[in-house]
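Presented below, as structure tokens, is a lone chain in the form predicted alone.
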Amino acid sequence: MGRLTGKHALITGGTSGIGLETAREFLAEGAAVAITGRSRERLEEAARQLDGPLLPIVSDAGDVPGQAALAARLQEEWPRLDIVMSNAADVTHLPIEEWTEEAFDRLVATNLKGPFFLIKALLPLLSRQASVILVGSVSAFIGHENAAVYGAAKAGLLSFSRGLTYELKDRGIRVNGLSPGPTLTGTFNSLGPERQAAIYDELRRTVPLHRIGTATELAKAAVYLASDESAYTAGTVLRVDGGIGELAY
């Protein structure tokens, strides 16, 4: 405990799944944490589940002007920002025939464009040796059903870990990617219990370790990337995916 004591951390998309569990771990390790989400109600529910210095902020990760507003709010509240975890995502999966330009642009705005302009807006607030964590997906590395657009956007996001580390190296800012594989979250809840169970059974057969990851496992990996323990880790992608991104399946 105490690996993040005295640090200030922002987690976008912090109301559920990996974002919520990472907020819980960051708080347990001593950080002050801001979480964002589009729904005030869901932010309030998340706040009820967390214990510690928490700052919930309504913000849409795909709204580019909104990223500057988010940065301004944090500047009002905190003296600096030590950790940024870009986790908010549009997870739309569709076959190519069903994509519209509007849906395409919305996904790219949330998963790629918004995070870039958030980091730009936060530059005056970021401390030296700040850690930026970009949450990608195994879909950036493998092809699978209906994931062409989602995977391409996540691949672009993870590419920022290299380009931005180079660009920001003189400021001491580290940028790394965190790439989850199949993870138990609420993503498939809307499909109903039977369909959800079938998807998870298929994923267990597909993942080389024959199980699905947990949000807590991803959150603990994020703690490493956020902490000083990873001070020599920069411009890379940490894959926490049960081997599915590297091994044949």
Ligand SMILES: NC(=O)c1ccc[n+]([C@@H]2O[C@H](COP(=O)([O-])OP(=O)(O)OC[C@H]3O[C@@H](n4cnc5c(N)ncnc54)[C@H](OP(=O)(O)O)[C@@H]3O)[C@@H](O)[C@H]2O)c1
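Small disclaimer: the values here were computed from a predicted structure and weren't measured. For every residue, the number given is its place in the sequence shown, counted from 1.
We do not show the form predicted together with the ligand, though everything after this point is about it.
- With the partner left out here, the ligand still marks one of 121-129, 164-172, 75-83, 148-156 in the predicted bound form; by a 4.5 Å heavy atom cut-off that stretch is 148-156.
- In the predicted bound form, none of the heavy atoms of G66 sits within 4.5 Å of a heavy atom of the ligand.
- Within this chain, L107 is remote from the site of the ligand in the predicted bound form, having no heavy atom within 4.5 Å.
- Taking non-hydrogen atoms only, I133 never approaches the ligand to within 4.5 angstroms in the predicted bound form.
- For the chain shown alone, L94 is not a contact residue for the ligand in the predicted bound form, no non-hydrogen atom being within 4.5 angstroms.
- Using a 4.5 Å heavy atom cutoff, G17, S59 and T185 all lie near the ligand in the predicted bound form.
- Residues are counted as partner-facing when one of their heavy atoms sits within 4.5 Å of the ligand in the predicted bound form; in 114-134 not one qualifies.
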